[in-house]
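The data below hold one chain only, encoded as structure tokens and taken in the form predicted on its own.
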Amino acid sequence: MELRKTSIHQAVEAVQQGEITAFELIEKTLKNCSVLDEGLNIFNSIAGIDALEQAKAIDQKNEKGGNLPLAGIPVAVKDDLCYGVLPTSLGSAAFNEFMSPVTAAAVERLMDAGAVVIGKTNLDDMGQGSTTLSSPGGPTVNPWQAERTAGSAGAAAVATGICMFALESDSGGAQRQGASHCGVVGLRPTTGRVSRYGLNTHCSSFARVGITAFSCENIAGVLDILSGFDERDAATAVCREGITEISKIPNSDKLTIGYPVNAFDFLEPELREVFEKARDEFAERGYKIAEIDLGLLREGLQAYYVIALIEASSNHARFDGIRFGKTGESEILEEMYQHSRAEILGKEARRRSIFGTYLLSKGNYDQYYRQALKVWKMVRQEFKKAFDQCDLLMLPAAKKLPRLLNEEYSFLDEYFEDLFCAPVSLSGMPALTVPAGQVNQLPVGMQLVGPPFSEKTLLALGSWDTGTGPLSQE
């Protein structure tokens, strides 16, 4: 069974009908993990015998008439989501052997449905970045071109066919950009739809649990399992009375797609051409195209980073070597703190901690943080106003092609890569990244953004063949 060419529904059906056992499926998957991980650096840890034991238990349930919706399906989990069976490194060498006493709510729901965690995927320094270049274990290599980064290890795992889907975190756009760079599909759900309990994040206001897969069909089935109220995450209170889905027939002539012309001015001509072609083909298929204005993208990016840096400074404060993290050796308390934090926090995490502390200092709080909060509100209003003119928005997912592994970049250049994703994070709207085309034999992804709880519409549109890439499925 080739996972990349098989839907989750087909794989589950094969397991339930005895065409293949969950044990055989996971055993084959683990062998692929070991072979491919050596060259791509996708996993921080691989489950091994624990995954096989889970698969045996699933086979036993199947024999007793169990009807698990994800029976035996392998899933890769990003290493900032807690999982009690494998170490949760958080993107820090100091936590390589940390075994979490809890398992993230999203991971629990998947396991209850019969999914098997095959490994924890690589991530940037304390989860801060969208390239994996700052990972203490080194970057994840792009499956399309070995001299470039994958952006997201979960996306690389899906693109290579190691697993059928991956569970990832997304704050400023790491998951969505990774999906773009690896030619797969990535969904960042509406704020409050999926519980964040057990997600270790530097940026509490914007971090979400997302799903990466090879098809929208696979994401749709997993999203239903993950959605819902969780008393451990107050944000999911919006789901307490049930989710009111916004769902329209994708091929309806009443569906309008917003095209923010000014947003595409930031792209190089060859990238812009991909999206112009996608826009034209949507129009040829009968969709209405409305040119709209998103004038706060740059300001939204700046506001995102002011807030993200400040929250990183606050969240990193607990990693002092006493409450959390490895304790540095020193008889002097202040030196012990310094040694501990130097070992726990990498260069990027330290940079964000320092900048965040500065932004919160006397005289800067009002000048930067309060102003950023005002811009945050303005961005939310701008997106809301945009949906008065259209049903969905199309945006790029990444500003450039995947980064070269050996090329030097300033941290400001790296932050600017989030230009199209960070403002969407501020809006709280769901966003789906789908393949839109190729440039220089590398995939280019398109973000489809909708109003709250419009995931079904996004997934339906994303799975429809535009002729440019959004998942050729009829």
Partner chain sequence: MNLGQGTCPRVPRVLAMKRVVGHESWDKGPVPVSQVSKDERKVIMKYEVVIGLEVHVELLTKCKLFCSCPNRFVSEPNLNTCPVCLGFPGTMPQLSREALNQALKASLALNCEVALYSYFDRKNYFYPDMPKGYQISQYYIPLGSRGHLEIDDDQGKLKKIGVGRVHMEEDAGKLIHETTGGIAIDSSMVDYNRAGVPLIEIVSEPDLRSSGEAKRYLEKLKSMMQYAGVSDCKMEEGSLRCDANVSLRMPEDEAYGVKTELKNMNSFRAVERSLDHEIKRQAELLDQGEKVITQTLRWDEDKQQTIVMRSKLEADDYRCFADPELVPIELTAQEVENARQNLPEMADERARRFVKDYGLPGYDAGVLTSSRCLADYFESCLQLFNKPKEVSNWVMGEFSARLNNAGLEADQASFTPEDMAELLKMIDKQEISGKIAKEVLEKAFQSGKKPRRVVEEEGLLQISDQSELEAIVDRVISENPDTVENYRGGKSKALGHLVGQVMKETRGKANPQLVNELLVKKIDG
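Here the structure is a predicted model, which means the values were calculated and not measured. Positions refer to the first chain, counted from 1.
The same protein has a further form, the form predicted in complex with its partner chain, not shown here; the description that follows concerns it.
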Exercise. Just to confirm, Ser204 within 4.5 Å of its partner chain in the predicted complex by heavy atoms?
Worked result: yes
For this session: Report whether the minimum heavy atom distance between Asn315 and its partner chain in the predicted complex is within 4.5 Å.
Result: yes
Exercise. Val261: heavy atom within 4.5 Å of its partner chain in the predicted complex?
Worked result: no
For this session: Tell me, yes or no, whether Phe98 is in contact with its partner chain in the predicted complex, where a contact means a heavy atom of each within 4.5 Å.
Result: yes
For this session: Look at the stretches 219 to 227, 174 to 182, 117 to 125, 330 to 338 and give the one with heavy atoms within 4.5 Å of its partner chain in the predicted complex.
Result: 330 to 338
Seminar exercise, completed: Contact with its partner chain in the predicted complex, heavy atom within 4.5 Å, among Arg193, Arg403, Arg196, Arg279 goes to Arg196
For this session: Go through Lys384, Arg232, Arg272, Lys288 and name the one with a heavy atom inside 4.5 Å of its partner chain in the predicted complex.
Result: Arg232
Problem set entry | Residues of 22 to 37 having any heavy atom within 4.5 Å of its partner chain in the predicted complex, listed in sequence order | none
